[in-house]
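One chain comes next, on its own, written as structure tokens: the form predicted on its own.
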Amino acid sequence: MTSPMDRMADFDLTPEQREIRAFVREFAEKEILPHVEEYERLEKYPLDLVQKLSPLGLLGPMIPESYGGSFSDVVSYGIICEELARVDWVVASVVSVANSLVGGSILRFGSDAQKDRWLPGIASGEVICSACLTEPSGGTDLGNMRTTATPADGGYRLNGTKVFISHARHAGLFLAVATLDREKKHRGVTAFLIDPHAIDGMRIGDFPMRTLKRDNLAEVHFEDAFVPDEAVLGEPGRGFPVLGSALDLGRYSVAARCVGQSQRCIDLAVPYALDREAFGSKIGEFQLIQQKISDMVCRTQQARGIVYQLGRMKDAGVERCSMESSMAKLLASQAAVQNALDGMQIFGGYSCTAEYEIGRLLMEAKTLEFGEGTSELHTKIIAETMLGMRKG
């Protein structure tokens, strides 16, 4: 039986997009969800679950069929990210990083040789992708990055440290950024496609986390690491446009994942409110609990609506949607955090026990609010675009 939430989520989708949602949801609930809590306790990266995505065409939804992908449309890609994130942040992140940040950047800015080398492996799952952007001094201010790229004979020497790097220990391809000259700010940023198996001076270290232990987040250190000229993505010193385009689509996929997590909080809270009793009644009969359920549904649907709107803009060929991607990321990540908070309040003290996943969802949602730009950054982008202070 479908719920009113399903009706709202699907009413303006095409039949094909509805089929994709149903297919991915069934797969995720059957093949991924039963393992998430165990893998978190064991701090086990879900490589076996990721490998199940490839035969289903779920690893390359934004990669053209000519490179082995399953591209259909941007809205469908968002639906895939949403439904995977509804059960697991990490598996959804694999798809998001591979398609939005890395694969998408190669498609838009890569040479034919780079496309031929990397895209088929990304689509097949042979190459897991990782993005090395964030640094210890901050992740949002990419124009002031400290990692340097010094020209050398036939390439560059990289020196610096990246932190909060997902999928690093299992990645076969890193999209890394460094600056040719820190004084040049944005104009010095250069993007590189790095094969970790063909580089000396790149070291992956532990980065202990209180949450997302199954992601095995890492520090990546570059210590006079040599990368050849052919590893440059785009042009030297022109990495910021690469990042701008990648982050547009990256924030879309992160926002879609936040919608999935928001929905998961509803899916957990509603049956609990109908089952849990206090003062001789189901707690779902109390008005203050009903208020929380109502708020959770409304903010989830609000976020979903703007995420789908952004996807349709991309499908219509709008190249840059910086303001809209900031709006989607801002609203969806805040919805995910608040839904987790409301969900925990409905579960009460049990939300802090290992028996229920709702407490885990709060910390995971909060990481999504930080990632791909903080809420403060996106608020600034939206306001400055409307005030004519930046292009959107």
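One rule holds for the numbers: they count along the sequence shown, beginning at 1. Values in this document were obtained by computation on a predicted structure and should not be read as measured data.
There is also a form predicted in complex with a small molecule; it is not shown, and the following applies to it.
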Inset, instruction - Could you spot which one of 271, 138, 151, 244 gets a heavy atom to within 4.5 Å of the small molecule in the predicted complex? - result: 138
Legend entry - in the predicted complex, the residue from 293, 107, 313, 163 that sits within 4.5 Å of the small molecule by heavy atoms: 163
Inset, instruction - Assess the spot marked by 89, 367 and 376: is the small molecule within 4.5 Å of a heavy atom from every one of these residues in the predicted complex? - result: yes
Inset, instruction - Report whether the minimum heavy atom distance between residue 131 and the small molecule in the predicted complex is within 4.5 Å. - result: yes
Inset, instruction - Indicate whether the small molecule has at least one heavy atom within 4.5 Å of a heavy atom of residue 204 in the predicted complex. - result: no
Inset, instruction - Tell me, yes or no, whether residue 212 is in contact with the small molecule in the predicted complex, where a contact means a heavy atom of each within 4.5 Å. - result: yes
Inset, instruction - Spell out, yes or no, whether the shortest heavy atom distance between residue 21 and the small molecule in the predicted complex is within 4.5 Å. - result: no
Legend entry - Residue stretch of 212-220, 227-235, 300-308, 115-123 approaching the small molecule in the predicted complex, non-hydrogen atom distance within 4.5 Å: 212-220
